[in-house]
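We've got the same protein chain twice here, in two forms, each standing alone as structure tokens: structure 1 and structure 2.
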Structure 1
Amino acid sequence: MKRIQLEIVLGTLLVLLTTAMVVVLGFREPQRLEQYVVQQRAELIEFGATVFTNNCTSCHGSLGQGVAGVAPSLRDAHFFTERLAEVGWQGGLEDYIISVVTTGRQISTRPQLYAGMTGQAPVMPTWSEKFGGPLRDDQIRAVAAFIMNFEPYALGLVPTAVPLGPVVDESTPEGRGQVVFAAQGCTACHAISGLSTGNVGPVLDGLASRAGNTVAGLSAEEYIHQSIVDPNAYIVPGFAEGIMPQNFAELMSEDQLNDLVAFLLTLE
């Protein structure tokens, strides 16, 4: 065979093989596209989790569980099933989230529950960079995808994982008090080393040692009790009045309150 004929034969063969590969890829394509969409959603949720952790946990809690008096839970059944009807939103939940996050809330729709972190408007700041916030549109879409992904937990379709933390002995009042401390969202504002990192209110390390001589005439136990049920009675120097929610007495039972005080008294 002459070289030119060899090249024609080989070339034709290569073209056929190339075409065959492209055809096979074409047949696999619908499946690949489908899988890619699933993976893309997964990565969007991961990205949203990062956005949430960096911007929202101070009010909505590290797990999105909400902080009493500050911001609502974004992972309970109420939010997923009744909230839209409550505010009269016409569209879907994901769009509602995008809309609320984009613009923020000047005043709460439930001012008796969420007076806001500073007691002043806005209760939730604007997030979109279009209105002077820090987030781009794609970040807001991602965080909305992340919040939507709480649905299986919120509706109880999947049992919620027990939150990780130091092992507490719930047979003692101090142990139960520690659980209350986390459950009431005190962690969002107060730091206790090894337990929480909130930085809105004072650090509570060493509280038990200073509580007895803060307000004349109040024992350590009485001072702590008063700080929780009536925070404005005494304002810790350097902090503003009205930041700490005023309604914890209504949110807790008498036992819980006592356990909480017992726990705080261990912070030497």
Structure 2
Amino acid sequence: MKRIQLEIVLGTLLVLLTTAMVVVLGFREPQRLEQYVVQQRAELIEFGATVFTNNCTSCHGSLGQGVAGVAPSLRDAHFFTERLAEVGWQGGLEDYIISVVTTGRQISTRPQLYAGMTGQAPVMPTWSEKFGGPLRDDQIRAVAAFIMNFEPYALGLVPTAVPLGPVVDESTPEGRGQVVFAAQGCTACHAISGLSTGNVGPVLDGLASRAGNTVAGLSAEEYIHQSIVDPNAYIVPGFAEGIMPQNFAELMSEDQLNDLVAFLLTLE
């Protein structure tokens, strides 16, 4: 075989081999791209978890389960199946999350259930740095992706031991009192394990166990009631007079006050 013929044969084989490789890679490309998308989404969710932990847990709970009276659960079926219709949002849920996180919320859409951390506007702060908040657009997209990752758990597709919503029974005085505690802004000043992290006032863990021995002549119930309506009557050592608002008796009805006391009496 002459050299030129050999070169033609080898060139033809090389072209055929290259073509075959291109075809094989072409068939595999959709799968590769799909794997790449999954990987990128996983990295976005992981990043979003960090953003959520650093910025969102005080209101929405350490696991997104919500805080009674403050902010709703982000991992229950209602959020994933009914929330968009409830607020009249025409787009997708992830875009809705991005919108709410970006601009915040001045007033609650369910004020009887969730009043924000302070009970005053805004019930959710603006988070986008475009409007004075601390988060970049990529951080907001990431936290939205992280929240969307709760969907299979919320819909029962994946078993989870994490509570799907704020653990509170509003049919009981104690449950209603927990809502009052959050709605009146008590979470901003008082720490209760698993509920709030405020450090302006005394930690309330174990309050019911020690309240009856704090002021002579006052039962635990009487002491707690006095501490709410007349907070300067007894000042817990280490705290200054006048820090706690003096007008809670005016801000709450008698029923709300009684419910709040009932809730605080559960903190043994």
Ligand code: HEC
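Start at 1 and count along the sequence of structure 1; that gives the residue numbers used here. Basically, rigid core = biggest C-alpha set you can superpose within 1.5 Å across the two forms. No experiment lies behind these values; they were computed from the predicted model shown.
Between the two isolated copies of the chain, the second is the form predicted alone. Superposition on the rigid core between the two structures places the CA atom of Ile235 2 Å or more away from its counterpart. Once the cores line up, the CA of Tyr223 ends up 2 angstroms or more apart between the two structures.
In a rigid-core overlay of the protein, Thr53 has its C-alpha displaced by under 2 Å between the two structures. Aligning the rigid core leaves the CA of Asn258 displaced by 14.1 Å between the two structures.
Relative to the superposed core, Arg210 moves its CA by 4.1 Å between the two structures.
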